[in-house]
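Taking the form predicted on its own, here's one chain by itself in structure tokens.
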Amino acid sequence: MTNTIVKAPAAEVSFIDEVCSIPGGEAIRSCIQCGMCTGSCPTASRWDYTPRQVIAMVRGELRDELLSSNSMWFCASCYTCTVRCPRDIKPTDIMHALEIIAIRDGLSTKRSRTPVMYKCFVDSAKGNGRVYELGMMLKLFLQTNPFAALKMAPVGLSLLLHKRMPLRPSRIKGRGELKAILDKARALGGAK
């Protein structure tokens, strides 16, 4: 009889531990589900799940359902929920932690353009060392809804005429160093 070593499958990290491992998500365990965040949120009516429900879903291990919703993408980062939270939790930071997980795992919704906007923003900053607004917005509209650009054309034209938005990108010195920093952040586990 030979001794065969059978390895137990690696224990999966719970959703709440995954959220807690991202800076800003640590306080989720302290939530008492009072609903102050939802009552304070100016955009909660547009969310698939309210801020209080989002926190409950993390605790309930409803990972894919939550990360595929529009909820965290509609957070306006106004921090009203944080100011009013009786436990000093920062629900906005929890929403940003959920965004990081959703982007990393490719679980986003088509009902929000925010994930695409984040990618366009980072690509622009990576390429130029700073954001080239015209290029970023053109890329965003082409990837989401080209016809929406028509509504914004008067604003864009006014910005161009008043020299508030350049036609060509300006690039900073040290773009290579910026790229190295971003590559290092990605290597250390940052979002893509």
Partner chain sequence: MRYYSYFPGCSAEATASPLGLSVPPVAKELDMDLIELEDWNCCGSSPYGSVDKLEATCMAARNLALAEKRGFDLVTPCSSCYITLDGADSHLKEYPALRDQVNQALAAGNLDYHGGVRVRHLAEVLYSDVTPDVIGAKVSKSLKGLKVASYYGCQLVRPAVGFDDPESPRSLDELVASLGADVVSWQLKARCCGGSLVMSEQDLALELINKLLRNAQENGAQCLVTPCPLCQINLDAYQSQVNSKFKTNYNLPVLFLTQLIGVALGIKPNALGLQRNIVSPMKVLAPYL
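Keep in mind that what you see is a predicted model, and the values were worked out from it rather than measured. Residue numbers count along the first chain shown, from 1.
Although it is not shown, the form predicted in complex with the partner chain is what the next lines describe.
Hey, in the predicted bound form, does Leu140 get a heavy atom within 4.5 angstroms of the partner chain? Contact with the partner chain, yes.
Tell me, yes or no, whether Asp48 is in contact with the partner chain in the predicted bound form, where a contact means a heavy atom of each within 4.5 Å. So Asp48 does not count as contacting the partner chain.
May I ask you to state whether Ser30 is within 4.5 Å of the partner chain in the predicted bound form, using heavy atom distances? Ser30: no contact with the partner chain in the predicted bound form.
With the partner left out of view, is Met152 within 4.5 angstroms of the partner chain in the predicted bound form by any non-hydrogen atom? Answer yes; at least one heavy atom of Met152 falls within 4.5 Å of the partner chain in the predicted bound form.
Out of Gly60, Pro146, Pro42, Gly35, which one falls within 4.5 Å of the partner chain in the predicted bound form, going by heavy atoms? Looking at Gly60, Pro146, Pro42, Gly35 one by one, just Pro42 meets the 4.5 Å heavy-atom criterion.
Stretch 92 to 109 - residues with a heavy atom within 4.5 Å of the partner chain in the predicted bound form: The stretch touches the partner through Asp93, His96, Glu99, Ile100, Ile103.
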